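Just one chain is shown here, as structure tokens, and it is the form predicted on its own.
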Amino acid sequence: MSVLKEKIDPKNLEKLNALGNAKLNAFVADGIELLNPDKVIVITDSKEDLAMIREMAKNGGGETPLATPGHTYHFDGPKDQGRDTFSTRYLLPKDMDLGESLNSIDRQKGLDEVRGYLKDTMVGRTMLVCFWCLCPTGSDFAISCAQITDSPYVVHSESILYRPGYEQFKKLSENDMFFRFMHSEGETDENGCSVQWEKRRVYIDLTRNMVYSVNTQYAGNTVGLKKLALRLAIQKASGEGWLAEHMFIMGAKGPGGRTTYFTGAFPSACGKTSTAMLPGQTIIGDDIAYLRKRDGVMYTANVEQGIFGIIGDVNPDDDPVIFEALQTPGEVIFGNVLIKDGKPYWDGMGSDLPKSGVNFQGEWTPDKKDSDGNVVPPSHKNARYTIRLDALANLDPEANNPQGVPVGGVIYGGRDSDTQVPVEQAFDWAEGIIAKGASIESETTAATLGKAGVRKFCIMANQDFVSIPLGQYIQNNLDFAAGVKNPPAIFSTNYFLKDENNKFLNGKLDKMIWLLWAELRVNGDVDAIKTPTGWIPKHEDLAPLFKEKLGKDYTKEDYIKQFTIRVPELLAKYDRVEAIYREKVADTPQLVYDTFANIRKRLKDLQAKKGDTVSPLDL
């Protein structure tokens, strides 16, 4: 208390003491001693506190107002434009092993390093202490969180993305767990951007449910409740028998006004948000879902109340709901886009971009090059927008139901130009988890730091965030269907299949048809064609959907190109994935290898009868 009283004025100390939590007080006191701020502000759920944060963000706190009321923009530094998977590590005591596939460091060594970088970083600054709740407050999904940061931009972002948690925190007992996050921007330049990016660290202490991050501003590294909290939640879920997944939740509309709820896991920049935002459907969440079982039914809830979405190619034709929301007055943060005359611009927005402006590299013109001699794009490929879900016209009415919604189907997708068909249903839950979810391969994109265009294995589209041994993670997913009366159907999707001329075989809105076909399958309304790897649609069921929903004639030629079974490519895929498990995942369940063997046999049997490429009409 002496530490708290020294740096916190009576008004803010009263806010902290009202929570009556000794563990929280110790967390804040540790932050004060380590970070050495000039003063401390405690943020409650009140409108006044949130309005104060918005003003702090606009006045030197990381954001600049735009012409549209409520809109602001934020720039991260040129070397701080994505999640840093290289410097994000688990702090593990000597008796804990997550397997070689997960990035870790000795706990004490890592603590010494990151706390050394954090030491005195808030001298001359204000420490902000804020509280949020993952999932609807008062529900069995809910997890309380406390964040310390010196960035009003981070707090403002969290106020948009997460439900207020101060009042929820009052309900915690002394023994209740909560997630903790400590962040500092570190040294910043004249533009307010973190400059010591070589000393960027994002370290996750699983033994304390705590995350440290320093020398970074990009939201994926600093907004603790996003992917950093997902890592903590996966470990918590594993011990308690539920799932924390990198999934959207959305409502697909079937005949007669029926709504079937789907969850979906896609690696970054693979169509996840655009699937969750399909016209005519409803959204509950676009990124992270918790799943629990009650009375023999799987339920899911959205961890968030907002979207931190990739803005590239968001335009009025392909993403009309999001585009409209981004043009409407209200709270929106644009990140790393091009700014000209108080307006934001980005690649693929459906209109001409100005020939000059300001972006994350400073003053911009089309011929500008970066320090490596590369042409600087108008907006970064990983440019973002942050917005509340209730700003969207298609928010599902059950979005904040504390009970969650029942899961009808699960979708796994990735970037694949030459192998998998656009949509396919797994034969059962186990094969869906193994052959669809645990076998995702996807080309890398600008959403993570590093080289783009490399085919990468990404288990359940969750590889970067799994905080338990991968074999255990697969087994948890397999076991989760136990006791469920009708386990959800599992589907794979692939929006990126190309022809021999390297042209996409799918239109951008074709994904709606794959989703609506899946909705019909979940409810037993249509039959399907059996392949060695699952069930695919019949042409006669897809053609009416294309006509009704998109006004397109869907020819048999289109159908054959898209749904031809490419046997050698599929065999090679499962060979690659199995090799990864054998080499890097020592605790892989035997069922994984048995499933791969069965799929391989079915593929080779088809190959012997029909050849390397098999038209769906020949099945």
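Residues carry their position along the shown sequence, with the first being 1. All of these numbers come straight from a predicted model, not from anything done at the bench.
There is another form of this protein, the form predicted together with a small molecule, and it is not shown here; the text below is about that form.
*Asks:* Within 4.5 Å, heavy atoms only, which of 436, 415, 74, 226 is in contact with the small molecule in the predicted bound form?
*Replies:* Exactly one residue meets the criterion: 226.
*Asks:* Among 380, 200, 83, 156, which has any heavy atom within 4.5 Å of the small molecule in the predicted bound form?
*Replies:* Checked against the cut-off, the match is 83.
*Asks:* Does residue 180 make contact with the small molecule in the predicted bound form, using a 4.5 Å heavy atom cut-off?
*Replies:* Residue 180: no contact with the small molecule in the predicted bound form.
*Asks:* Quick one: does residue 220 come within 4.5 Å of the small molecule in the predicted bound form, counting heavy atoms only?
*Replies:* Although the small molecule is absent here, residue 220 would touch it in the predicted bound form, with heavy atoms inside 4.5 Å.
*Asks:* Report yes if any heavy atom of residue 212 sits within 4.5 Å of a heavy atom of the small molecule in the predicted bound form; otherwise report no.
*Replies:* No, residue 212 sits far enough from the small molecule in the predicted bound form that none of its heavy atoms falls within 4.5 Å.
*Asks:* In the predicted bound form, does residue 268 come within 4.5 Å of the small molecule, counting heavy atoms only?
*Replies:* Residue 268 belongs to the contact set for the small molecule.
*Asks:* Please determine whether each residue of 441, 456 and 574 possesses a non-hydrogen atom within 4.5 angstroms of the small molecule in the predicted bound form.
*Replies:* Negative, none of the three is within 4.5 Å.
*Asks:* Can you say which of 496-504, 87-95, 183-191, 226-234 gets within 4.5 Å of the small molecule in the predicted bound form, counting heavy atoms only?
*Replies:* Result of the contact check: 226-234.
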